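First comes one chain, alone, set out as structure tokens in the form predicted alone.
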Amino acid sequence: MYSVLLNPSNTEIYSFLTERIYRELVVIFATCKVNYKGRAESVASESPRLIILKPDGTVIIHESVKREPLNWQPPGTKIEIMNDYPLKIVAQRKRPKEVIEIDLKEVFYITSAEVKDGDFVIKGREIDIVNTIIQNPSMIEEGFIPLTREYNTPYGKIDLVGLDKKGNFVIIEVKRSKAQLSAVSQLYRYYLHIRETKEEKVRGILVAPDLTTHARELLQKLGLEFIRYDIQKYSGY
């Protein structure tokens, strides 16, 4: 369900907002002036802005650029609609004491909708990639056997250790984005430590979606290996 008001009058705005705040997500596009008082003070002159009022009391004011809002108030904010001229939205919190006053000079449209929370699953984290390798060890190579995750060393925890089909010890460092020189250096520290303590042949493998040219050159120079992780291919795991 959603509702829309185009070029509404003050009376329509007041009625619409008082009926829907705290019940529905409300979006207002309007020329407005914004005053803030709290830990500091600020005034934003009249300009077209997008105002979002959420049912949990969150208030967000956006301009035409940047990800961050011009101003905002968190969940639990008390929102009041003042039937003045111009019509005013007052968003107030007590701790710390902060007040945002939004003077609505000209409202172009208002929408409201009943927004329901859905499932939210993050994929592509390094732990997810390690899980995928454990479930699909052949993505490293045929015969690879995962043994231990988060293997402790003096230099940190190795993401995954295992054995190849010849019985060689394999250490795997995982990166969820393009691997840099630092990732190669980290893997090499693990490699040297395991080689010294295990006194057997060790392989070091960096797993990532990609790596920089310098990282590739250093990897080859140090005798380490790289396996490209295809996020799209394994996103269903």
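Remember, predicted model here, so these are calculated numbers, not experimental data. When you see a residue number, it is the position in the sequence shown, counting from 1.
Beyond what is shown, the protein has a form predicted in complex with the DNA; the following relates to that form.
- In summary, the region of this chain contacting the DNA in the predicted complex, judged by heavy atoms within 4.5 Å and restricted to 135-143, 93-101, 106-114, 79-87, corresponds to 93-101.
- None of Ser47, Gln180, Thr197, Asn168 but one reaches within 4.5 angstroms of the DNA in the predicted complex through a heavy atom, and that residue is Gln180.
- Contact annotation: Tyr191 falls outside 4.5 Å of the DNA in the predicted complex, judged by heavy atom distances.
- A residue is said to contact a partner when one of its heavy atoms sits within 4.5 Å of a partner heavy atom; Thr212 meets this definition for the DNA in the predicted complex.
- For Asp159, a non-hydrogen atom is located within 4.5 Å of the DNA in the predicted complex, even though that partner is not displayed.
- Looking at Val202, you'd find every heavy atom of it more than 4.5 angstroms from the DNA in the predicted complex.
- Scanning 70-88 for heavy atoms within 4.5 Å of the DNA in the predicted complex gives Leu70, Asn71, Trp72, Pro74, Pro75 in sequence order.
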